[in-house]
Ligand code: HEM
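Only one chain is given next, in structure tokens, and it is the form predicted on its own.
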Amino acid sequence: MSDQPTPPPKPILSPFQTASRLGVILVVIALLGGAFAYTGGWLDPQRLTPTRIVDSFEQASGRHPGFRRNHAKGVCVVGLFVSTGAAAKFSSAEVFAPGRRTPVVGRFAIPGGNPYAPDGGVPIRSLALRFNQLNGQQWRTGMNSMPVFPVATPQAFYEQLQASQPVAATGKPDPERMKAFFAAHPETAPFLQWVKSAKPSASFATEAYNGLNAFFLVNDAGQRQAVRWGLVPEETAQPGGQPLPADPDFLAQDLAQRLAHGPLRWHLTLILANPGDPTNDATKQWPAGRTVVDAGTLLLQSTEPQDSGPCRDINYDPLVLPTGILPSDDPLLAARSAVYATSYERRTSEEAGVSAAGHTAPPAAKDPRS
């Protein structure tokens, strides 16, 4: 039993308040998704390109030179992955060899393009990882605390992005436009169901992180197995949750305090698809009862600020994969890769003092709290 006081009854939101809350979260998800609208055949590239999508991030969150256009607020972490060997029969990737210890550079973050946003503003936490195999190959992946993505296709994502644009009068999405979008896209129902009860957590360390897209594991015999992966924490939150600290930067502080007492651990789980399970639809969870493989333990050992830490210059492109892992037919993957590359080029050019257009970049935005 928790010794925390019983929380007050949750207020009942009016239809307008509910629509407004969903609208704000979907704006954040639009940033989180990496603008999946640019991929061959879905949209005319003359109308929509990675550059225009990255521009739209700046329009939504303001321009912050030198920062990522999404997940702008984050913190670097360093550790290693220790394989159990249980995944070696499914994949020839070196990272899964029995007993193999693979160095990892990661980044915790919250979604959105504002590097000074309060940590309690959204219920989503993210973790990106780069595994550096001894053979020189890398595996990069990004995971999120939500269980599904709102939409399955680039076209639907584009429509979502348009529906969730804030209007000038209120600075928030138009509830009627959001309502029309939901009515036209019933596949958003699982995500909306999650949103209704989602609350911001008080710690990165107690979150489970889900890889929402499917991939294929390939073994030495060339056999392919569809898979989704995720991380399950060994530390868990207090029953019933806990009040969020007043400090807007509480997540980084909590992480540093926990790591001062020793490494934090997650189990890397691989969910193996059955024949017929969809690999191209991130809105659908696979049915319960699928085989789950404990591939090993992620140990995060230290943290550093994102502006000087080892994660600063990493583009966590989900299509950087080692031998033994292949992308699925999910149409969102190629678009994420293209937009991440554009964002990376822009921010690194700004850090060098020169914009992508060859002009001197303006100074980075100052923290409004200072």
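Not measured: the values here are computed from a predicted model. Just count from 1 along the sequence shown to find any residue number.
As for the form predicted together with this ligand, it is not shown, yet the points below apply to it.
Asks: Counting heavy atoms only and using a 4.5 Å cut-off, do N70, F157 and Y344 all touch this ligand in the predicted bound form?
Replies: Yes: N70, F157 and Y344 each sit within 4.5 Å of this ligand in the predicted bound form.
Asks: Using a 4.5 angstroms cut-off on non-hydrogen atoms, would R228 count as touching this ligand in the predicted bound form?
Replies: Outside the cut-off, so no.
Asks: Does any heavy atom of M143 come within 4.5 Å of a heavy atom of this ligand in the predicted bound form?
Replies: It does: once this ligand is placed as it appears in the predicted bound form, M143 has a heavy atom within 4.5 Å of it.
Asks: Heavy atoms within 4.5 Å of this ligand in the predicted bound form: does S126 have any?
Replies: Output for S126 is yes: heavy atoms within 4.5 Å of this ligand.
Asks: Could you confirm whether G211 comes within 4.5 Å of this ligand in the predicted bound form, counting heavy atoms only?
Replies: The answer is yes: G211 has a heavy atom within 4.5 Å of this ligand.
Asks: Which one, 188-196, 104-112, 170-178, 252-260, holds residues whose non-hydrogen atoms are within 4.5 Å of this ligand in the predicted bound form?
Replies: So the stretch in question is 104-112.
Asks: Looking at F149, F81, W266, F216, which has any heavy atom no more than 4.5 Å from this ligand in the predicted bound form?
Replies: Going through each option in turn, the one that passes is F149.
Asks: Using a 4.5 Å cut-off on heavy atoms, what residues in 325-339 are near this ligand in the predicted bound form?
Replies: Residues within 4.5 Å: L332, A335, R336, V339.
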